[in-house]
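Okay, so we've got a single protein chain in two different forms coming up as structure tokens, structure 1 first and structure 2 after it.
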Structure 1
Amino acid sequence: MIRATEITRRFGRVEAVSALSFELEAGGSVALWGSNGAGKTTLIRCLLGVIRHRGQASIGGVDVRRHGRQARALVGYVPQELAFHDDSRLGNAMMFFARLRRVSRHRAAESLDAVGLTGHERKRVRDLSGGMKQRLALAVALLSNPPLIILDEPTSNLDAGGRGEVVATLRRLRADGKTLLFASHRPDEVIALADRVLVMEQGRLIRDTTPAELWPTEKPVQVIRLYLTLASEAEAADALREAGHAVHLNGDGLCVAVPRDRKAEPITALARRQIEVRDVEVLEDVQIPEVKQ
């Protein structure tokens, strides 16, 4: 479904994506994992053909640079930042996008039903929960019934309930045969949705792996934040990745996703490299939401 070969994108002297290659088969699901600024969003924009890049990318065999509109017709895209008119009613918002996509009212109703929003058409957008707004964006992405769905941090601004709603909806779409590519920094989403994980850092693909290899346990996964000196964070991240841990930098410490019974392992790995941890914060348990039939 997606074939990317040596994708490279520079912004001035900064190489946001560097010679990155991967393939995603139809019906599969790939997560993009990495620190803020790792290049995940830039890669998505390259794959959509909306920014210039070197290398080659195709969707469904269609070259995204030569035939961008045709390639994007195969994609339902859900951005990180949503843009709906707050005073509009959900049903009216859906019909507005249906007219833009030139699809029927029946197809709009099917899309709402696919994300579990049937019956909420009279609600105003401003009154929707975060999870419902994100599902509305997903319904818009599904209007043309695309085989591929691309999402950029689909639950980054949601509470636990909203995250569970969105992840459960995406799991149902996967079961219906949709292909997924999504950026995420949450291990529960990756475990629940992805067959493979592309670990990115500073624009480079540093690991092509699976959720089971990143978190080899059936126990719940916890996210812990390690506080170090600023000079040590990059070195610490490299040391933890070499030890097999899933790491990302978020500008306020170094976040590591670990099984709940192995929280001390990152600290031990850093101690071997004589990197001192000033403080540790356990952020949360991350659970895998069940799919409601």
Structure 2
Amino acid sequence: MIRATEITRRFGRVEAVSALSFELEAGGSVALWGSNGAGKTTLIRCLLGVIRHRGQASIGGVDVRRHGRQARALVGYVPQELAFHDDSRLGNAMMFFARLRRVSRHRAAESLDAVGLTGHERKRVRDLSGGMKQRLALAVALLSNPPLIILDEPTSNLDAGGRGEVVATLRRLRADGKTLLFASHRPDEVIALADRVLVMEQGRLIRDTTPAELWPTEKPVQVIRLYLTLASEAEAADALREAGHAVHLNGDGLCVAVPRDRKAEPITALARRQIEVRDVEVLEDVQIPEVKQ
């Protein structure tokens, strides 16, 4: 379904995606895993053909650079945050995209129903909750029943309830034979949805693996956020990875997955390197497996 060969994209001097190649078979589900700035979003945009890149990418055998419009007809895209005109009414927004994708009013209603948004057509987009907006994006993505769904951190702005709904919907889509490619920061999502994980770091593909290999045990862990000085974040991330922790920089501190009874371990590891931790926050209590790097 997707064939990417030596995809490279630079922003000035920074190589956001560096000679990245992978293939995704029809019906498969691949997660893009990596910290902020690893290049996941840029890769997705390259695959959608909305930004220029070197290398070759095709969707369903259609070259995304030469025939972007045709390639995108095979894709339903769900962004990290829904970007609709705030003043639009949900029903009108849906119909606009239905016309663009040349599907009937009936199909639009069907898609809205599928994500549980029937009855909300008169609401303005700005009045929708984060979860409803994300479901609307999913409804748009499913309008023309495309074989491939690409999602860029689809649950990052949702609460636990909203996340659960989206993940359940995506699981049903998988069961229906859809091909999924999604970026995520959440191990629980990756385990629930992906059969392969592409681990990215600084634009490079450093590992093509499976969730089971990445998280081999089922020991409950918690995610803690460490607040450090900006200058020490990268060094701290390296130190924690060396100590066997799953780390990602999220632009507002450093998120680390740790066993529930050993939350002080990362702080101790950093203290050994004389890296000062300014504050610690224990994030929501999610049952995610321990991470093995």
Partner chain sequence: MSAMTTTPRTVTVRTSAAGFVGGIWHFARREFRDAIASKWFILYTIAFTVLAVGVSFLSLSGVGSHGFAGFGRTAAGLLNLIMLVVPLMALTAGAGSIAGERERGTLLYLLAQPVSRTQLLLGKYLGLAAALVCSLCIGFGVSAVVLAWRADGVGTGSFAMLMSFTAMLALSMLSLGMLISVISRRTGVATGVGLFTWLTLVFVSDLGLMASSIIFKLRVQEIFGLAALNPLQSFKMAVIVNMNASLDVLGPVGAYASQTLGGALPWLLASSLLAWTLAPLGLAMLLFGRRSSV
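Note that the structure is predicted; figures quoted are calculated from it, not measured. Sequence positions of structure 1, starting at 1, serve as the residue numbers. Here, rigid core means the biggest group of C-alpha atoms that superpose within 1.5 Å across both forms.
Between the two isolated copies of the chain, the second is the form predicted together with its partner chain.
With the core held fixed between structure 1 and structure 2, residue 143 has its Cα displaced by under 2 Å. Once you line up the core between structure 1 and structure 2, the Cα of residue 268 ends up 2 Å or more from where it was.
In the core-superposed comparison between structure 1 and structure 2, residue 63 has its Cα shifted by less than 2 Å.
Look at residue 113: with the core superposed, its C-alpha moves 3.4 Å between structure 1 and structure 2. Core superposition places the Cα of residue 238 4.9 Å apart between structure 1 and structure 2.
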